[in-house]
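First comes one chain, alone, set out as structure tokens in the form predicted on its own.
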Amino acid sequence: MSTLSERILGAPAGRYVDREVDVAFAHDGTGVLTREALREMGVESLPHPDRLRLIFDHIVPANTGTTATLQAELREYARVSGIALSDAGGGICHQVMSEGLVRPGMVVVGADSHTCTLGALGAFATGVGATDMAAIWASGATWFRVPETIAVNLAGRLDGAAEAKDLALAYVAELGMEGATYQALEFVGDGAAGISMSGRLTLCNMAVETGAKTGIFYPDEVTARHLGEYGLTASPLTPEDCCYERTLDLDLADVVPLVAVPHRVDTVREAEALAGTHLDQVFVGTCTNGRYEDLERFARIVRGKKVAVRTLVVPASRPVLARAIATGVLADIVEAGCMVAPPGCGPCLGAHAGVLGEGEVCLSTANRNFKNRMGVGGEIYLSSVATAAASALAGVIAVPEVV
């Protein structure tokens, strides 16, 4: 009997395997480095360009002439090599890939650490460095050490103002930032069925914050409904009576709004304990919490009110932005006094579009709050969308109400 990772990779934990990669992608930052590595390797043609993607998301639109030139060169490389390109404004790589490009059972590799996000769709998805990505582009395959698996056993349903991001912060705090190094987190239990696809993407996204190789859900009715929106099908899989490295039991009814405090993701406090903490900026977006469900929830809370602190909202992809426009969600956000930027990673990585000043404090829905990540000398707190919305209205960290 096998874990889901063992079933996909076709070998027991601990064994090394060579596997064809179904989809491999890089973004504008790692794509430049991948292209340079291919040049140094002397690789002139790629055997499977149909499996490859370049997704411009990290610094879009380009912030300097140097960035623009590098992006132009990469754009031209995509054209001549036959690699599909999602250009500036298309969205964050993990969100773009989740919109009908990844299916259960696939082996997915991205040159970005949060590629584990796509385990929400029942794929084995993990991040690699740009040099490794170049070797994958050159050969179409790579090797894995099949990871041991930690079962994250979910019971019950989320209640009150708690949401999947709070659950993610809860399990990261429980495991610690190195507590699952090179292991897979397999989300199982009766409570898993009640987590939406948007919530699953959030949960798998933060698996790497525990050091995990991937986070993964078994494909079920939620998966089938999501893929059905893109004309795809999925057959449900159920867990086998397998051997887990350990089991982490979480009762969803016990989860409350949480906040990760600077400068570690696993240092978590109840939002109530931090109420009143000064803020200079609130940021809603990223591959963790920039999906339509997130924007809709944020808009529902701020509708008809005004934010009390500068608040930046960045949709995760063009389809998310288009749907937010069509449904009036974006209008509510703008009317509340928020700034809206084009789909992309935005200020999450501190490269542009909302960098913090010395001593400034931000409450972010992103996945990392490392020192100086969003600007030298800034402090980053991490929260759910509901906590971010309540805090934007209050101008300080605030506990969300049930809306």
Partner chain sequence: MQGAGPAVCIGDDIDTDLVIAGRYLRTKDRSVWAEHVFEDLDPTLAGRLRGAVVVAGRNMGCGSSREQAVVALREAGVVGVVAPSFARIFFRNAVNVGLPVIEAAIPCTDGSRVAFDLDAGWVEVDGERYPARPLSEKMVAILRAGGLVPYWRSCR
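Residue numbers count along the first chain shown, from 1. Predicted model, so just to flag it, every value in this text is computed and none were measured.
The protein also exists as the form predicted together with its partner chain; that form is not presented, and the subsequent description refers to it.
Novice: Kindly confirm or deny that 112, 181 and 371 each have some heavy atom within 4.5 angstroms of its partner chain in the predicted bound form.
Specialist: Looking in the predicted bound form, the three residues 112, 181 and 371 all sit within 4.5 Å of its partner chain (heavy atoms).
Novice: Please identify the residue among 188, 128, 330, 279 with any heavy atom within 4.5 Å of its partner chain in the predicted bound form.
Specialist: Answer to the contact question: 128.
Novice: Of the residues 325, 232, 275, 177, which one places a heavy atom within 4.5 Å of its partner chain in the predicted bound form?
Specialist: Selected residue: 177.
Novice: Heavy atoms within 4.5 Å of its partner chain in the predicted bound form: which stretch among 283-291, 140-148, 303-311, 248-256?
Specialist: Of the options given, it is 140-148.
Novice: Residue 42 near its partner chain in the predicted bound form, any heavy atom under 4.5 Å?
Specialist: Output for residue 42 is yes: heavy atoms within 4.5 Å of its partner chain.
Novice: How about residue 240: is it within 4.5 Å of its partner chain in the predicted bound form, going by heavy atoms?
Specialist: Answer no; every heavy atom of residue 240 is more than 4.5 Å from its partner chain in the predicted bound form.
Novice: Using the partner position in the predicted bound form, report whether residue 269 sits within 4.5 Å of its partner chain, counting heavy atoms only.
Specialist: It does not: once its partner chain is placed as it appears in the predicted bound form, residue 269 has no heavy atom within 4.5 Å of it.
Novice: Residue-level contact is defined here as any heavy atom of the residue lying within 4.5 Å of its partner chain in the predicted bound form; does residue 264 satisfy this criterion?
Specialist: Looking in the predicted bound form, residue contacts with its partner chain include residue 264, since a heavy atom lies within 4.5 Å.
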